[in-house]
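One chain follows as structure tokens, the form predicted alone.
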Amino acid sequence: MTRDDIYRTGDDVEPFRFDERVARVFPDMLRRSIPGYAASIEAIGSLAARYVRAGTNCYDLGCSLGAATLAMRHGVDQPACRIVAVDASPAMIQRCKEAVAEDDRSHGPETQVDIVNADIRDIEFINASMVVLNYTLQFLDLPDRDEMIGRIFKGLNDGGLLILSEKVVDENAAMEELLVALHHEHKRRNNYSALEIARKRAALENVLVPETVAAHRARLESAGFSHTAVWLRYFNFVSIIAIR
């Protein structure tokens, strides 16, 4: 695992991009930056075993290096299923292809995986039993988020599942300040310096735009999801399940 040292040195802070530099260190960045990330990936596999139906499609939107894709693949126990892994970053897509190819060699391609280099807003959802948005919606422009969730809902079969993981902002300003401080302490315990933390935060400003949990749940319910729940929260990171 290549260590994330992107923000260790330098003067200018450019807006965050999912380029080759980020793709190279992404597993280490996730491990050290997002508390609860490993638990969310583990649960994706368990939920795939429960919700994916035979002959249906699954979608991993903003698949990055393919962690959620492979978790779904290993969880699916129904025949004739297909996983569509989508990401707009060529660097991420290339590494996702490598990860899936390695999985083919070690486990065998029991569930088909199609890897697509595209904007998730251009994807058509057909016969879907499971959709994953793992820390992806937060990078879309705010006006596009309602439409994205609405299109996913329409493409899901009855009983289908959406997993939405996001960084959030708390409604209470004092609690938000505390949660941010706890997250920064988490990063410091994972050997990020104060300078790295500040530079990463500056790079993400206006690129990653978080919302409240209430806003996410209201959007899901407005789209038509009959059941929603926060199943995981760690500081200001949450994962929500929504069932059509």
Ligand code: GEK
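Residue numbers run from 1 along the displayed sequence. These numbers come from a predicted model, not from an experiment.
One more form of this protein should be noted, the form predicted in complex with the named molecule, which is absent from this view; the next part is about it.
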In the model of the complex, does S89 come within 4.5 Å of the named molecule, counting heavy atoms only? yes
4.5 Å heavy atom contact, I115 to the named molecule in the model of the complex: no
Taking heavy atoms and a 4.5 Å cut-off, does I34 contact the named molecule in the model of the complex? yes
Would N57 show up as a contact with the named molecule in the model of the complex if we use heavy atoms at 4.5 Å? no
Among 128 to 136, 95 to 103, 152 to 160, 70 to 78, the stretch whose residues bring a heavy atom within 4.5 Å of the named molecule in the model of the complex is 128 to 136
The named molecule: the contacting residue among V168, I120, V84, L164 in the model of the complex [heavy atom, 4.5 Å]: I120
By the heavy atom within 4.5 Å rule, which residue out of L30, I197, L47, V209 makes contact with the named molecule in the model of the complex? L30
